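As structure tokens, one chain now follows by itself in the form predicted on its own.
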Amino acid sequence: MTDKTMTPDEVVGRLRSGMTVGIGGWGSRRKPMALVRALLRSDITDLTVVSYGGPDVGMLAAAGKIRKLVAAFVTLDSIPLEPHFRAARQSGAFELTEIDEAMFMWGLHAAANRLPFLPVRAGIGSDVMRVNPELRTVTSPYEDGETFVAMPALRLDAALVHMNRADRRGNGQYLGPDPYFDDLFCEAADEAYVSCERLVDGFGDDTPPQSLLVKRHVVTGVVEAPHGADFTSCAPDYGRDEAFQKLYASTPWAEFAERFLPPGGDEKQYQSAVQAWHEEQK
């Protein structure tokens, strides 16, 4: 029985500047925000971030942590375009590879299966090929002779994902309506770190096997982080904190970071600051 439990700071202590880091979740849904906040408090920079982007990308971009972003979108869902991402992108703060959602998925599949690329129809006939001139096409060797995009593998040095439940060995369970490809992020990475709402002793015979999304053999570390996806949603444990998300989206980054993510702070300090803000609104 291997105990893989870690703290957020221990996870970040295993990361290095210049890494390619995949971040699970989708938009403003079940993002591993406690791990992202630990990363924000570190001196790590020059990252290539691979994400179906949400506030994870917005915060890392605003903090100057990103050198290159690979994404299909960056959204807060109820707020269509992540404003801190937009500001950083408009200022030319980092390089962007923007691809179709399906291309992104198959890039993860290719990496998970240790393939250099996979042929996909997504992207053909669109501006994806124009804005990404480095992409190549391949022709089927069979009678159909069809042309496909050769989607390169999205190989990751590390992956960060958030689950509803996990055990100490690294098995991760989701309880909401969507897996958000978090299993592929973990399988595509050299090291994978899973935060969870609650650690459990194990999963019994009554556990639906399809809910055990992340398998222990691909997981390096597990972090118990209650409300670790906040302010994004983590159904069914909690919904998105829309009021706080609006504050985040409308507040200059320096002002937001000074109050909620000050130097020397930690996750407990962040959650206390958020609670204090909510009390003020009453």
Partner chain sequence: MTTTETAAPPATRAEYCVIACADAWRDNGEVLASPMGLIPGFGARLAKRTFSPDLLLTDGEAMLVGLDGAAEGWLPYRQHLTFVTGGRRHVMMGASQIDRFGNQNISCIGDWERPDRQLLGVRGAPVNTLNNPVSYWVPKHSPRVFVEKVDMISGVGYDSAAAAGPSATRFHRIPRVVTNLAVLDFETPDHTMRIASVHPGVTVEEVREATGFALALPEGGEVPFTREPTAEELRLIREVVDPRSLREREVRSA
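Residue numbers count along the first chain shown, from 1. From a predicted model like this one, the values you see are computed outputs, not experimental measurements.
Not pictured, yet referred to below: the form predicted together with the partner chain.
- Taking the partner from elsewhere, every residue among 96, 121 and 174 has a non-hydrogen atom within 4.5 angstroms of the partner chain in the predicted complex.
- The partner is not drawn, yet in the predicted complex one stretch among 56 to 64, 25 to 33, 250 to 258, 222 to 230 has residues with heavy atoms inside 4.5 Å of the partner chain: 25 to 33.
- Proximity of residue 164 to the partner chain in the predicted complex falls outside the 4.5 Å heavy atom cutoff.
- The partner chain in the predicted complex is not approached by residue 141, whose heavy atoms all lie more than 4.5 angstroms from it.
- The closest non-hydrogen atom of residue 183 lies within 4.5 Å of the partner chain in the predicted complex.
- Put simply, residue 147 is close to the partner chain in the predicted complex: some heavy atom of it is within 4.5 Å.
- Proximity to the partner chain in the predicted complex, defined as a heavy atom within 4.5 Å, holds among 102, 200, 153, 135 only for 102.
- Contacts with the partner chain in the predicted complex, taken as any heavy atom within 4.5 Å, map within 56 to 84 to 72, 73, 74, 75, 80, 81.
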